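To begin, one chain is listed below as structure tokens, in the form predicted on its own.
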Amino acid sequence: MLSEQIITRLTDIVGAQRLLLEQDDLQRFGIDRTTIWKANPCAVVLPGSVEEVQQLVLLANEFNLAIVPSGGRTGLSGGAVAKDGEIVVAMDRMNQVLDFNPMDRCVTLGAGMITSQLQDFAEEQGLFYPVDFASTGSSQIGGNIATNAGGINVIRYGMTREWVMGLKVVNGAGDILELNRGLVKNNTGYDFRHLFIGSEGTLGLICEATIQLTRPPADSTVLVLGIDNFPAILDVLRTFSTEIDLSAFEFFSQAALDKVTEHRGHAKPFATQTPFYALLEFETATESVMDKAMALFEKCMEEGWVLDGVLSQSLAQAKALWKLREDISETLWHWQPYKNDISVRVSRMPDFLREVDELVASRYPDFELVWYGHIGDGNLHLNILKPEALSNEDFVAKCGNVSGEIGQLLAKYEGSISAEHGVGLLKKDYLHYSRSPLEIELMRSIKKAFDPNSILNPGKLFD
């Protein structure tokens, strides 16, 4: 419960209409898409400027109040959960385009802009913002940057990090920092911009970002292939990627396809059922590219890697095929999945996936696994579906044990416990499987430098 003095000070900063204290608002802003923790913030504030954010951070330092930054609240690791009486600083109002330069192909915008709105703005300028994933219609750019979001185009365009040319942030001490200022070349010592990208709100609040845009892609074709076994997926990837510039190479299991077609009403790509499916996308600016793709498809069929396939013949069909992959995550929420967002080197994926399957089958035979992911960049999404008879508490406890054992496998394969969703609350107990004790200690030192009183997103990433 906040004192009247603090409520008055918060009201002075953001205005009475921008200070939310009602229970419904606290619940709505205090949680992300994880279902493990209950929201319990003491207040929600919606600043409208960098200066207001600075005043909020200075006030939090003065009264030793914790702050949880909030974007679109679409996170899957508990990074935006306020469960211990924190003040939620929601960036929803800071959503305007502040500057655009067509020569530089750079746009500066508020961190609260919805990702799809940036994509639409780029399209209006005849340009393209390539970072794309299932929650673009509700996630915010600041949250994307704070978690270094990936998505379906990473194989060609890279992660969010590749497109951030500058940041304006308020660090934990209340200082306003302007980082890199949109420069392409700037070799003047440490690039603090990259520290804030992926920092999950533990170093500062991202208020504004300067984003690089690029030319739109040419017309694309989508190819969905039914594949006999997981190692064959890599044979297909190698075969196509050596001859064609792929913009996406995704995969999903038969279990994932069954769930999507049953609950979303999508048509199956073809009659043949196969253990795995690969979705490839590539630009078809010339007929020679299409001819080459068909020749590679035939080669994969002859080798026995591919059992069936379908090639999009129109934009509508391409979108329909993409829906088979894009709608998996939303569909699986019906089963309250325990999600593992993990990565290993592409060459090690078959052995790693086999060991995970064997582990879960032997130790947790009642758990159904659903695999999908961004195979072109080594990112696997392992979803464990809750058995109907198991309580949520028991399910989460058992899945915690699974995650620990998967963490040990990740350490063996030199992989990561978080490929693109961040660490947050969900994965901090497993951070040591991907980071050495020295690295974690150095991370704590960096946080101390930018957030000396540890008021920003406490308990996230590490304790």
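The structure displayed is predicted, hence computed values, not measured ones. Residues carry their position along the shown sequence, with the first being 1.
Beyond the structure shown, there is the form predicted together with (2R)-2-hydroxypentanedioic acid (2HG), which is absent from this document and is the topic of what follows.
Residues within 4.5 angstroms of (2R)-2-hydroxypentanedioic acid (2HG) in the predicted bound form, judged by any non-hydrogen atom, belong to 376-384 and to none of the other stretches in 234-242, 389-397, 105-113, 376-384. With respect to (2R)-2-hydroxypentanedioic acid (2HG) in the predicted bound form, the three residues 339, 372 and 421 uniformly fall within 4.5 angstroms at the level of their nearest heavy atom. Shown alone here, residue 324 lies farther than 4.5 Å from (2R)-2-hydroxypentanedioic acid (2HG) in the predicted bound form, counting heavy atoms only.
(2R)-2-hydroxypentanedioic acid (2HG) in the predicted bound form comes within 4.5 Å of no heavy atom belonging to residue 312. When (2R)-2-hydroxypentanedioic acid (2HG) is considered in the predicted bound form, residue 171 lies well away from it, no heavy atom lying within 4.5 Å. Using a 4.5 angstroms limit between non-hydrogen atoms, residue 329 touches (2R)-2-hydroxypentanedioic acid (2HG) in the predicted bound form.
A single residue from the set 118, 195, 76, 164 has any heavy atom within 4.5 angstroms of (2R)-2-hydroxypentanedioic acid (2HG) in the predicted bound form; that residue is 76. Along 266-300, not one residue places a heavy atom within 4.5 Å of (2R)-2-hydroxypentanedioic acid (2HG) in the predicted bound form.
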